[in-house]
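The chain that follows stands alone, in the form predicted alone, written as structure tokens.
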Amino acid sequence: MNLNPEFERQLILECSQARLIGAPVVLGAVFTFTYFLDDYRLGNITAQAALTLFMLITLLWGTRQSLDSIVEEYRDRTWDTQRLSALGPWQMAWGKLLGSTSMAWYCAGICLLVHALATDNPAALPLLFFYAIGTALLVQSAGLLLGLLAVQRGQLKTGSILILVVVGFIVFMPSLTDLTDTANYLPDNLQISSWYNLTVNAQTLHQISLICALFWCMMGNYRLLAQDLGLRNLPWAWLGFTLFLIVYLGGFIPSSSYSFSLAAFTVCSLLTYSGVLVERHEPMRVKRLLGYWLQANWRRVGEELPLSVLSFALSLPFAIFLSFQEQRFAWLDISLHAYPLAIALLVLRDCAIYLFFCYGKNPQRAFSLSLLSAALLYGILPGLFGAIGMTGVSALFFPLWAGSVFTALACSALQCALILHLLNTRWRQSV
């Protein structure tokens, strides 16, 4: 049988004879101890311990392994050899994901077997296994995705990323502990949810959501690996992900064109920020994009088009639609108005500020400098001038303080024009 070469390589690295023998011995000692605590039988303590160990092994150890599977390639300077191989991005994606975590799944399989033997609700096992394995695969796939994003930014130390993983594990631990309650998966405990005014089984909706999340996470790994391997692709995946989020999240809000458009505008704006943060920003890429545009080579334009530009373009129709609606609201009972077009221009301004720092001498500091700029523009300067009664100057820095939509648009456009001019000047100096 011809195995995926990357998967086979990871198996050789992870599954040594000592590990294959030692892991069952250690787990056997743990379950022997819980066997004694259960009055010399496989009872509730053993079942809970097995499932808890499963979560710790797959969510912490497994995520660490998937994260390091790509970071270590860069750290050991073997990634260039990988790029010269005949492996495609899909083979490399699932080969690294399943191969690097093979030892973790070997131990996790033992834990699931012990839990199946010790549980007092065997009817709930199929759903329990589905949620447990699906959640573990999702988190491990997200770990690989974080690793790919880290190496793109030149970050080869995974300590800070692992801290985020541990903090996330602690935060979501109350939700994860629901997995250990097998009563949640019994037919008598079904709940009903509403999605686009459709009454659906909450359990079915959760299963579909988990599968979709895993699919899009693996799609992200595929596209990032394709980019690292130098393959050209049109941004269909990002467009599909954006539309999916709009349709999916839109089903959980009140059914009206205004609320749906507001949700869509929010999703597109957040994805604009995400796109500008995760992509590589090279001045020559913009030059190539402009060259293809002048040549009317639209396929190459689509391949070079930044993801943030696509998300921002999708947000504009919703911003225009919201601007002509009668609904207006203030936030936190202060003079902070919601002007959709002004907000869209502020998103453009923020992205331009980030790119301005990316094209500078220290692009590694672009994110921290952008956060400092955001603190000044959104909080410190408007608050300072507002405290001394100069509300008009406050609106100049933070247009949402303005008393009319035209003033907000004028201030936002003025800021965008200034930042885009500075960005254009720095970009010309870079190329």
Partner chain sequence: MITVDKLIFEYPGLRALDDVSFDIVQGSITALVGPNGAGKTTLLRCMAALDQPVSGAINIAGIDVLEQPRDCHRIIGYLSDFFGLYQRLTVRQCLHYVARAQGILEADCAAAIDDVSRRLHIQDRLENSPAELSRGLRQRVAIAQAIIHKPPVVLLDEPASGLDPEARHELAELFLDLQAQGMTLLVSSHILAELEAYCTDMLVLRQGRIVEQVAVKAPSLLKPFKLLLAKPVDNLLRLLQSLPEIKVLNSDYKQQALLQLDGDAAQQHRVLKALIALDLPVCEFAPVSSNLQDAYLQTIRQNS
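Numbering follows the first chain given and starts at 1. Since this is a predicted model, take the numbers as computed values, not measurements.
Quick note: we don't show the form predicted in complex with its partner chain, though the next part is all about it.
> Report whether the minimum heavy atom distance between residue 231 and its partner chain in the model of the complex is within 4.5 Å.
Residue 231: yes, in contact with its partner chain in the model of the complex.
> Within a 4.5 Å heavy atom cut-off, is residue 12 in contact with its partner chain in the model of the complex?
Residue 12: yes, in contact with its partner chain in the model of the complex.
> Consider residue 300 of the chain shown here, and say whether it contacts its partner chain in the model of the complex, taking contact as heavy atoms within 4.5 Å.
The answer is yes: residue 300 has a heavy atom within 4.5 Å of its partner chain.
> So, in the model of the complex, is residue 77 in contact with its partner chain at a 4.5 angstroms heavy atom limit?
Although its partner chain is absent here, residue 77 would touch it in the model of the complex, with heavy atoms inside 4.5 Å.
> Using a 4.5 Å heavy atom cut-off, which stretch among 124-132, 241-249, 212-220, 78-86 contacts its partner chain in the model of the complex?
One stretch meets the cut-off, namely 78-86.
> Taking 4.5 Å between heavy atoms as the contact cutoff, choose which of 260, 273, 292, 105 touches its partner chain in the model of the complex.
Going through each option in turn, the one that passes is 292.
> Going through 404-431, which residues have a heavy atom within 4.5 Å of its partner chain in the model of the complex? Please give them in sequence order.
Result: 430, 431.
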